[in-house]
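For reference, the chain that follows is the form predicted on its own, supplied as structure tokens.
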């Protein structure tokens, strides 16, 4: 399955959050890897998007969008450090 990098999440996450989350640093709950959201492997061939850890392939983020709402699942993320302007 082909993937793109985590920068593909920028538009969708920008609609939900007031800051660019691709620059945020997340920690994988599977292996403890810390890296930017932009470094995640993003799979877009589904009803939503799935972002996996580039180190262990654990799912760290799922995002599904509806017409008037979005569902964000971060259960594969231990923490998310967000730089503020």
Partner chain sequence: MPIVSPGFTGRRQSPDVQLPPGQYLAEDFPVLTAGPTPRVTTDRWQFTVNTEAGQRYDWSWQQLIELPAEKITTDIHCVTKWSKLGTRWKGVSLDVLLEDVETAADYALVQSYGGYTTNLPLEDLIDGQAWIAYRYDGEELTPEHGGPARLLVPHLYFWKSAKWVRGIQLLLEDEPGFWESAGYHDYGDPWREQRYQGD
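Residue numbers count along the first chain shown, from 1. None of the values given here were measured: they were computed from a predicted structure.
Here the subject shifts to the form predicted in complex with its partner chain, a form of this protein not shown in this document.
**Request:** Please run the contact check for residue 48 against its partner chain in the predicted complex: heavy atoms, 4.5 angstroms, yes or no?
**Result:** Result yes; residue 48 sits at the interface with its partner chain in the predicted complex.
**Prompt:** Using heavy atoms and a 4.5 Å limit, would one call residue 33 a contact residue for its partner chain in the predicted complex?
**Reply:** No.
**Prompt:** Heavy atom to heavy atom, is residue 10 within 4.5 Å of its partner chain in the predicted complex?
**Reply:** Heavy-atom contact with its partner chain at 4.5 Å: absent for residue 10.
**Message:** I'd like to know if residue 19 sits close to its partner chain in the predicted complex, meaning any non-hydrogen atom pair within 4.5 angstroms.
**Reply:** Taking the distances in the predicted complex, the answer for residue 19 is no, it never comes within 4.5 Å of its partner chain.
**Prompt:** What residues, if any, in 61 to 77 have a non-hydrogen atom within 4.5 angstroms of its partner chain in the predicted complex?
**Reply:** Contacts from 61 to 77: 62, 64, 65, 66, 67, 71, 73, 75.
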